[in-house]
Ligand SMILES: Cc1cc2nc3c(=O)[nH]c(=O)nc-3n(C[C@H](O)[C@H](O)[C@H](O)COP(=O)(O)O)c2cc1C
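As structure tokens, one chain now follows by itself in the form predicted on its own.
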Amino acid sequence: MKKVLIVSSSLRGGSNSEILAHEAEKGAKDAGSDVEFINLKGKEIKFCIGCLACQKTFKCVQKDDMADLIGKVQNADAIIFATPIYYYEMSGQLKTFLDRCNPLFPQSNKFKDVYLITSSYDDAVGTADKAISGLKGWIECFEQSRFSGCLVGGGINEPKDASAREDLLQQAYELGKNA
């Protein structure tokens, strides 16, 4: 059974990116995958301090919630990241999470397919390009992995607006189903 990890990085209640991530969760479950949904809200995730001890020990020296989360990333077959777009970039929470996955770099990891779900008020073409580029840069550090798809949810701003967007909900469901 395929293991799909979904990481939602929004800290806002009624988050549009999280609504879309939950639709992807439904799709992945309907496809028969073993799905775990993680919300970064309430998690203690400190900034990477750049000591690189993890490159030798495969563990971060910092004591926070990342030790458990890194194991979940390492053992997933597919990962779906969900983020709001802030200033045309991924959320700081997601960037910090990705930076703290540094212990995975020198190790063997299962994850092959990596997806991104974004939400933003701006619906112009290119709104999520920097977030996509940032995630692709992270993926390039893992030879077995590839960027497998993205849902750019533009034109949604107020909490829970995504719930009324059947087009985006269907796209999120299909992304999860194909993960």
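Residue numbers here begin at 1 and follow the sequence given. Only a predicted model underlies this, so the values are computations on that prediction, with no experimental measurement involved.
Heads up, the form predicted together with this ligand isn't pictured, but that's what we're talking about next.
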In contact with this ligand in the model of the complex (heavy atoms, 4.5 Å), from 53-61, 30-38, 131-139, 112-120, is stretch 112-120
Look up in the model of the complex whether Asn157 has a non-hydrogen atom within 4.5 angstroms of this ligand, and give yes or no. yes
If we define contact as a non-hydrogen atom of the residue within 4.5 angstroms of the partner, is Ile85 a contact of this ligand in the model of the complex? yes
